[in-house]
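A single chain comes next, written as structure tokens; it is the form predicted alone.
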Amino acid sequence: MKPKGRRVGGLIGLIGFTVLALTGCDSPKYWPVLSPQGPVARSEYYLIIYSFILMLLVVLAVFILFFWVIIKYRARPDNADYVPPEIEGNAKLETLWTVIPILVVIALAIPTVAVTYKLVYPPKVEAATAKVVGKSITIDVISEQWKWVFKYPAQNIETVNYVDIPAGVPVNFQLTSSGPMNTFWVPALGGMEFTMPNMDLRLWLEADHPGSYLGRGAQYNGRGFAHMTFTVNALSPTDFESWVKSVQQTAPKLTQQAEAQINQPGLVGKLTFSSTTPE
């Protein structure tokens, strides 16, 4: 057994090393969940903080009671013959510690359900200009092995492993999968949603301002899972319209050969097509 001084020194060294390591995580890109960049992510961020504070209060109460009991009722020379006055149970205390967890669960469930139902609908446009108020776009997302396909049905364009969206505009991602089940996740913009074969699930996301955000599959689906990432580029509405026109005029059409390559299990880079139906 180590001497007490060495154990304390080791603990202080471990805490110091941890604090030193965390100083390298001061950029929001290393903790995007705690640095929301859109109304959806912000709603979930506030829910996380609320849940954390509530759980912290529970943990503090438990530890305070725990140490109070072990100190107050510890064995001492002056109470060697101590016998608890009640050994059959205490109805008031048992009722109290049954009701309190129920209240904690209710306090967690009500805001969680409220936020969950709120996110079923398009987020409120907070950063949009009058030009884009009331507008939204729909993008079909298909998880392949091991790549992400994004189809713009209204614009008739398709991208692979990256998606451009207008900032300040709600985006309706329609999710499905052509292979194994996966999870579509852009931590800076909102929570994750499953992609499943023969199922169409929906996820509303929105970016406050132009920027580039990392997205990825969060469901392990084989050896290419680690490479199943994509980039979300939020552009100003004007730049997004320019990008759409540029793709429609300059990108190649989606061919049968390209479609077959995408459907095959394997890795590909970022691809852009000026149609969503193979020719």
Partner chain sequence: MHGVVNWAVHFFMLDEGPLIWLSDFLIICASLGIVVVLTKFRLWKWLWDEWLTTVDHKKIGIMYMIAAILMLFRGGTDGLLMRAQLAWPNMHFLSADHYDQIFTTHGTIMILFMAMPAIIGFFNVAVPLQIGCRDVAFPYLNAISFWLFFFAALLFNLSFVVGGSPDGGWTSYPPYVENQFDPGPGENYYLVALSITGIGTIATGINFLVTILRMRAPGMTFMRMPMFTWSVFVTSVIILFAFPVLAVALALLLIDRDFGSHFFTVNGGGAPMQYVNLFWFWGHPEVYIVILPIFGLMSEVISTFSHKRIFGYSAMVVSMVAIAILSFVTWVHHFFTMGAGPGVNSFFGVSTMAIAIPTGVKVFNWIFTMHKGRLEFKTAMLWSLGVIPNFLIGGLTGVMLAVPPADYQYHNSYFLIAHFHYTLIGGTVFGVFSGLYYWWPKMFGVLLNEKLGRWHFWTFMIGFNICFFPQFFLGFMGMTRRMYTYPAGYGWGVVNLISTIGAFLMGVAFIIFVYNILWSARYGERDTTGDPWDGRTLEWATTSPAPHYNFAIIPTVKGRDAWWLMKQNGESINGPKGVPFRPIHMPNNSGRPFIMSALFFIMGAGFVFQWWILAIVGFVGVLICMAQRSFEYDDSHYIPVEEIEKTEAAAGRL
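What we label the rigid core is the largest C-alpha set whose atoms superpose within 1.5 Å from one form to the other. Note that the coordinates shown come from a computational prediction; the quantities given were computed from them, not determined experimentally. Residue numbers count along the first chain shown, from 1.
Another form, the form predicted together with the partner chain, is not on view; read the next lines as being about it.
A.B. asks: So in the model of the complex, does E193 come within 4.5 Å of the partner chain, heavy atom to heavy atom?
C.D. replies: Yes, E193 is a contact residue.
A.B. asks: Flag Y162 as yes or no: does it have a non-hydrogen atom within 4.5 angstroms of any non-hydrogen atom of the partner chain in the model of the complex?
C.D. replies: The answer is no: Y162 has no heavy atom within 4.5 Å of the partner chain.
A.B. asks: Quick check on V113: any heavy atom within 4.5 Å of the partner chain in the model of the complex?
C.D. replies: Result yes; V113 sits at the interface with the partner chain in the model of the complex.
A.B. asks: Any of the heavy atoms of Y213 lying within 4.5 Å of the partner chain in the model of the complex?
C.D. replies: Output for Y213 is no: heavy atoms all beyond 4.5 Å of the partner chain.
A.B. asks: Can you pick the stretch from 135-143, 166-174, 101-109, 149-157 whose heavy atoms fall within 4.5 Å of the partner chain in the model of the complex?
C.D. replies: It is 101-109 that comes within 4.5 Å of the partner.
A.B. asks: Of 181-211, which residues get within 4.5 Å of the partner chain in the model of the complex if you count heavy atoms?
C.D. replies: Heavy-atom contacts within 4.5 Å come from M181, T183, W185, P187, G190, G191, M192, E193, F194, M196, P197, N198, L201.
A.B. asks: Can a Cα shift of no less than 2 Å be assigned to I70 between the shown form and the other one, given superposition on the rigid core?
C.D. replies: Yes, the C-alpha position differs by at least 2 Å between the shown form and the other one.
A.B. asks: Could you tell me whether the Cα atom of A80 shifts by at least 2 Å between the shown form and the other one after core superposition?
C.D. replies: Yes, the C-alpha position differs by at least 2 Å between the shown form and the other one.
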